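In the form predicted alone, a lone chain appears below as structure tokens.
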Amino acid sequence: MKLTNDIRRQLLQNMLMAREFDNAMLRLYRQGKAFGGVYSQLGNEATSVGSAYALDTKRDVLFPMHRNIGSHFVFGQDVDTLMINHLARQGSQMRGTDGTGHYADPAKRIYGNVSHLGAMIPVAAGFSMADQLRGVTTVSMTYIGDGGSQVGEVHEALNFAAVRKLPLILIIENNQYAYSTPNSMEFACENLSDRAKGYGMAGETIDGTDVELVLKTCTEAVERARRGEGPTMVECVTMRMRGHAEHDDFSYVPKVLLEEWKRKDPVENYISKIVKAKIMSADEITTLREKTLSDMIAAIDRTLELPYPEAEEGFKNVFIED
């Protein structure tokens, strides 16, 4: 993929959308209007957007986790659909029974997320295998956190994918903490991608705050997958700039560490890069920010006008009647 200035502008736009969606959900949560947990992706925007942008949205499939809203935007999801799902209003794909984004949109080739950490990776591998058996190469991209990567299902799926040379890409979002457990108490290897060699697959550790580096690395992984060379593990090192969810006060993270990662803000640093390269002017950035915010506010207003689903919706798909 040739990185053009138009692509750079699209990367920035999607990251800004992800950032404003997060900010909106934080405000709505405090107002008591958001349902379920609110899981911020602040600091992870470059990983979500850069990785998903490497895929062919008409050909490949996305299995995002709860901190990957940016990848939804890359795959063409609109703000209203996401907001209706997260605010559990009538017309949501979850019929209002869930507000944390556990939805699938087959029309957009978005599946997941499965909240049982690790369980989505075998599903993503199975999707690619099913198409492989039909003679079709469909790259599946899915995600897991540093903590979730310790789960047995992850290892089983990766071993299976490597043996079958499935076109699977696993993005490990190493954001330093598995809830309140630091990396030092999670794993003993230097990099999580070191494990890839043991499975017989490609693996690499990169700066997850650099959207262009993420895109380049994942594009190479997609090209390997299409050549039939099997899966790739990409460890993106980032920092989760909020708690595990908004109920978590985040007091276990040293303030000096947060300050260090704040200077690596993927959105603000990319804006600086784009302005410095004269791809967009400061005024154009301001206009884009204002439009992104106004679009988000308009989507919220439209969603809040919608009624909640009928109570009976909560009983659907729970019991099987003879």
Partner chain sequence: MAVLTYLEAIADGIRHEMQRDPSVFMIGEDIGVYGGAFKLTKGFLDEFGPQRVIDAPISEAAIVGASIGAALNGMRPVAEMQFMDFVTNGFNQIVTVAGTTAYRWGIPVPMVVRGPSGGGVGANPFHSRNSENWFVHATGVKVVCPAFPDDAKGLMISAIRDQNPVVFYEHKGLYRKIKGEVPEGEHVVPFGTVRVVREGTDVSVIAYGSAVHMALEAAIELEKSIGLSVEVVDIRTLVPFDEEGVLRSVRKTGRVVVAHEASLTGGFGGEIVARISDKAFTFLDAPVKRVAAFDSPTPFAPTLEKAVLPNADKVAEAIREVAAF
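From a predicted model like this one, the values you see are computed outputs, not experimental measurements. Numbering follows the first chain given and starts at 1.
Beyond what is shown, the protein has a form predicted together with its partner chain; the following relates to that form.
J.: If we take heavy atoms and a 4.5 Å cut-off, which stretch out of 214-222, 168-176, 148-156, 67-75 is in contact with its partner chain in the model of the complex?
T.: After filtering at 4.5 Å, what remains is 148-156.
J.: Looking at the partner-bound form in the model of the complex, is Pro122 within 4.5 Å of its partner chain by any heavy atom?
T.: Heavy-atom contact with its partner chain at 4.5 Å: present for Pro122.
J.: Using heavy atoms and a 4.5 Å limit, would one call Ala202 a contact residue for its partner chain in the model of the complex?
T.: Residue-level check for Ala202: no, no contact with its partner chain.
J.: So in the model of the complex, does any heavy atom of Glu305 sit within 4.5 Å of its partner chain?
T.: Output for Glu305 is no: heavy atoms all beyond 4.5 Å of its partner chain.
J.: At 4.5 Å between heavy atoms, is Glu229 in contact with its partner chain in the model of the complex?
T.: Glu229 lies outside the contact set for its partner chain.
J.: If you apply a 4.5 angstroms heavy atom cut-off, which residues in 116-133 are near its partner chain in the model of the complex?
T.: The stretch touches the partner through His116, Leu117, Ala119, Met120, Pro122, Val123, Gly126, Phe127, Met129, Ala130, Asp131, Gln132, Leu133.
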